[in-house]
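Consider the single chain below, provided in structure tokens and representing the form predicted on its own.
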């Protein structure tokens, strides 16, 4: 039984350490701070108990002593307890107090360092804390200590040293911070960087001077950087193409992760609004299982989506079950799902749509056999007949089997409220367009609409929705690239 004091980093899930993510995935209980984001908490198993002991300015829902006692009690009853703290546990995280309490109670614990906001936030805003010829060191202080009358920060020495000063949790105390440093001798013209919500999609940087710091409009959580380095402006999170954009993703929750990850990497704040969900076919998958048992009788196995590929190939032992059959995938995402099953697709068309797949079959050389052969087509229940009819017209003997069906999902109220503030929505299929309109209606469509390809665009426009962006490559990466290009060209 162990309590792990884990640093979650400054906010960006990508800055969580590998060790921290590993422990979260095996946690039975997660005791977390207020500002730990849902993307990080989602790493915990669905069965894990989540306990919020966060503190906000002016209130303390759970005292430090109560948190210490809770960790001791949980450490005695659970096998894996993760105490998840923002930044690094030992940098103004009171992790030392928790460690002492656990040691006194003879409860095993381990500290897992995290990326501290003290260094990460400035870097994410394009400012190095040290820079040759500008600053050779830095000091980190807590905003909570600024007004302390007891032993604390030696502001005189900080001013004399001319090092970079980083103030964590200092938004509410910025006037006092400025006053302390000015009184100690720092010049009013000293550059200052203030970063709200550093490393998150909502990051906002303000550059000012020490003399004007008290007038800056800033909200918590914020990090303040004082010193000549604050005048530097290197690459920042705010330079990413979708920084500041709130983008709605309408894909099924089971398949949205790749799109969400790419949007967040481009700087977007993502609103997940799954309007469809993937379910078993009406027959419970009986026809699919029967088809999987006889794949070797076919010349080709054709899959038109990642969901179809995963469901069909998940039923076979390994590639030997295919016998002589070759595999065709409609596009890169579907091909990737085939490869995850240990099989290399034999055919992926240049155009990642049903019509492109039919064209690719039209170009096949079937002279060796003298005629087309048998094809198993695994597809969605409501799939367009383009592939089945097109291959049949070319002379192939097509057995179409339903691998899954899409059903309407009911998004939560919180997600629906977020849509009203969104800048863009991404549609990846006709079913996501239809589902979105059922739960939001046309008046709630965000200003910018992005489509993964022509079929989805046609569905949107037939419903009266103007599509602003269509992916050149009909993949989730393609639609994110297209939306990023649109954002850059529009200056938004």
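Positions refer to the first chain, counted from 1. This structure is a prediction, so every number in the text was calculated from the model and none was measured.
Another form exists, predicted together with S-adenosyl-L-homocysteine (SAH); not displayed. Remarks below refer to it.
- None of 186, 197, 180, 246 but one reaches within 4.5 angstroms of S-adenosyl-L-homocysteine (SAH) in the predicted complex through a heavy atom, and that residue is 197.
- Though S-adenosyl-L-homocysteine (SAH) is absent from this view, in the predicted complex it lies within 4.5 Å of a heavy atom of just one residue from 309, 81, 165, 121, which is 121.
- S-adenosyl-L-homocysteine (SAH) in the predicted complex is not approached by residue 403, whose heavy atoms all lie more than 4.5 angstroms from it.
- Contact check for residue 331: no non-hydrogen atom falls within 4.5 Å of S-adenosyl-L-homocysteine (SAH) in the predicted complex.
- When S-adenosyl-L-homocysteine (SAH) is considered in the predicted complex, residue 92 lines it closely, a heavy atom lying within 4.5 Å.
- Although the partner is absent here, residue 173 is not a contact residue: none of its heavy atoms lies within 4.5 angstroms of S-adenosyl-L-homocysteine (SAH) in the predicted complex.
- Contact annotation: S-adenosyl-L-homocysteine (SAH) lies within 4.5 Å of heavy atoms from the stretch 218 to 226 in the predicted complex, the single such stretch among 128 to 136, 413 to 421, 218 to 226, 342 to 350.
- Interface residues of 5 to 37, taken as those with a heavy atom within 4.5 Å of S-adenosyl-L-homocysteine (SAH) in the predicted complex (partner not displayed), are limited to 10.
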